[in-house]
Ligand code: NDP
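Next up: a single chain in structure tokens, the form predicted alone.
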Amino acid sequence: MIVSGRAKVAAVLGWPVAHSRSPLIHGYWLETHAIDGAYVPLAVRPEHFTAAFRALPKLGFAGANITAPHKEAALRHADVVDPIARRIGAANTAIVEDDRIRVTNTDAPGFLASLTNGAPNWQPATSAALVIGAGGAARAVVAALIDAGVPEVLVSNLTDSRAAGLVRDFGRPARAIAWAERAGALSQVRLLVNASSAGLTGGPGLDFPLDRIVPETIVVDLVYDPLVTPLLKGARARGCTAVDGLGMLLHQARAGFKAWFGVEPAITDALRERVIADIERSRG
């Protein structure tokens, strides 16, 4: 990595931030392209976010990724909010343009890129979908699927009221279904997406019976630690195409890197292997 007095600098703002793989990903691309630049993690307490965020132009940052718990606050304190971020209700990428901060959300296009790469035969116009979860990731997935032309997007969450709230925000073709009805809905869809944190290493597992799934269904799990979740294992055992969550993590990072450093990076097997190795090391 090259860092001179002319280096372009970007960051990730979160609390906590030590778990973020963004420095590894962007650092890899900086090395690959021999760019005079740096990407650093900034652990910013919620009560300090406004001051830290608004200081990005003054400190000479090209921009930043925004991670939990700051994604909604970034919308309130940006100078310009892209329509996709406004629609999703969260921003994950900030770009400094002169003295102004523009925010956007790259999770939706990142999800679509990962899905089409992992399941190239996916046909959105004939693939009703079931999305599990109702948080920021689920909102990005629902927005992406609607924009892609999916005719019906079912949303189910452990707390039914949260799924209903998400659907009210997006409208048709999104439709909420009760958590108790989630398994029965499998016969209606050809795409299943876990956009919740259930299944994450050290957390609660995803309670989702796959007895009614058909082999033509594509199953996506946005969890990437572990890379192969119990949901994906079960889907593969039933002959389904399974897409892991690492692809979305990598694809959502590309737009920010291009905006900050002027190069559109590639997602290579070497990069995936480096991130996977880091995940395995983190488990001790």
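Don't overthink the numbering: it's just position in the shown sequence, from 1. Note that this is a predicted model, so its numbers are computed, not measured.
This next part talks about the form predicted in complex with the named molecule, which is not shown.
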Taking Leu145, Arg190 and Ile218 as the candidate spot, are all three within 4.5 angstroms of the named molecule in the model of the complex by heavy atoms?
-> no
Of the options Val96, Ala198, Ala78, Ile177, which one has a non-hydrogen atom that comes within 4.5 Å of the named molecule in the model of the complex?
-> Ala198
Picking from 96 to 104, 79 to 87, 155 to 163, 120 to 128, which part of the chain touches the named molecule in the model of the complex when contact means heavy atoms within 4.5 Å?
-> 155 to 163
Proximity of Pro204 to the named molecule in the model of the complex, heavy atoms at 4.5 Å | yes
Could you tell me if Met248 has a non-hydrogen atom within 4.5 Å of the named molecule in the model of the complex?
-> yes
Taking heavy atoms only, is Tyr224 within 4.5 angstroms of the named molecule in the model of the complex?
-> yes
Do Ala138 and the named molecule come within 4.5 Å of each other in the model of the complex, heavy atoms counted?
-> yes
